[in-house]
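Starting off, we have a lone chain in the form predicted alone, written out as structure tokens.
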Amino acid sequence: MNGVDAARLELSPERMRAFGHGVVDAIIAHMTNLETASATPRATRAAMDATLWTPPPRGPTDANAVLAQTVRDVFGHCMDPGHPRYFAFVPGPNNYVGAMADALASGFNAFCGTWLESAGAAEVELVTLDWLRQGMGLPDGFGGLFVSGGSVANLTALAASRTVMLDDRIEGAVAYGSDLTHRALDKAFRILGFRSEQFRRLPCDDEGRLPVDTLGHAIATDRAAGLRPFCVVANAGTTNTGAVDPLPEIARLCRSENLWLHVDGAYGAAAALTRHGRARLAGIGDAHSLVIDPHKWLFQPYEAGVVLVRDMAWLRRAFAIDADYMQDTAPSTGEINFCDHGIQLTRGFRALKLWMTIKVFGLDALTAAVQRGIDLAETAGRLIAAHPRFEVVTPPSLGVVTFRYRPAAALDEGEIDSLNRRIVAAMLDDGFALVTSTLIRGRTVLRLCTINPRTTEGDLAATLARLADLGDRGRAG
């Protein structure tokens, strides 16, 4: 095929340029047309098999034809968490600069495991981590690394706590969190060898927060039983309701009991960039470790997670492994091999997208965008409270508000639960917006997460109107 050197896996410069322009044009078209696109494109497994399940091609295919199929048949059946009316789970509203940064990182193929091979990339990672530290008001000394997301970031932090606090001897060790702690923490403890009963999930108070007195009692009971409390997981924005655990009080308890304080702020910690969020998250700087996902409320493409610790030596102690074949990569003074501070040896240049985004737009713009997400939730709360068919269940907190559709006709709570689940299913079929449900005190509720800076008040109002209409029709049906 003209312009293709299959033996070298290369396209000619002209073909590369044309293909690259096509990719950029496709991304721009997608990003600029989201407002009018369906928020819920879906397909069955049977339909996708019929479209894409083919034998591997034995010879070349025109690159532009492959691109067209990819946009149509692959991304055409993927939801974009950056859609302005995607309010489900925790949205991922990325930005174009971050997307192009990912393309650069892939194209230059930077290996970011050792300083020897990527000094520039390592320095950018160090700088970007410190920009985050400064922006969030964390004390000097906090450092860490970029990982794939909150699941691996939590795993990385807890591995450090296991090594530092327990010297990797986990028999009888106990950790604590609330019953609203993200399930990624259960998975992390399991991967690290802990049994399920070694992570105590304590009941939240009525505001979705971990009660300090309940925590203190559990610690004392376990110590009296000869167990070894070592870690508390606190939430800086629960996925369910955006609740923040009482961080200063938990930090004081951890100091008095000599426990590791880990704060899961995968989505919510970014609020510390704002004055409002800094006040809500007071005490976050007392953590031994902290997780934040830039691919959530810092508007980066997937994958971008960050783990920060008070002392980088803790990560090195948990992860550094010597190998004969790595002897030439030993860092000099001040240099850092990120492979010695986390799970991966081979790791991509994840920091570049956030670094370039901050360079292009400025940290103040990201801070304002985070504040807008908080403000949008407040607006949503007012609209919900004023609507005759809705009731607020949990008030707006760090960009999250939960509520219920309650019809005029008298129904029991189980019937209202069922009706709200039907509304979610109808919204998925409708495609205008995506709103999902969760459980609050055993009741099914609707939930909005409003962290997309490109969401408008009109999007909120139209989505609530559509939900109310779907609820009215569901009740009538």
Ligand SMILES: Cc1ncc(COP(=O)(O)O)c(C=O)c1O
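These numbers were taken from a predicted model, which means no experiment stands behind them. Start at 1 with the first residue shown and count on from there.
The next section is about a form of this same protein that is not shown, the form predicted together with the ligand.
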Is Asp264 near the ligand? Define near as a heavy atom within 4.5 Å, in the predicted complex. yes
Is the gap between Asp245 and the ligand in the predicted complex 4.5 Å or less for some heavy atom pair? no
Look up in the predicted complex whether Ile384 has a non-hydrogen atom within 4.5 angstroms of the ligand, and give yes or no. no
Answer with yes or no whether Gly149 is in contact with the ligand in the predicted complex, where contact means some heavy atom within 4.5 Å. yes
Only one of 212-220, 70-78, 399-407, 289-297 gets a heavy atom within 4.5 Å of the ligand in the predicted complex; which is it? 289-297
Note which of Leu273, Val90, Ile336, Val164 lies within 4.5 Å of the ligand in the predicted complex, where distance is taken over heavy atoms; exactly one does. Val90
Among Arg280, Arg133, His83, His182, which has any heavy atom within 4.5 Å of the ligand in the predicted complex? His182
When the ligand is considered in the predicted complex, the residues of 223-248 having a heavy atom within 4.5 Å of it are Gly237, Thr239
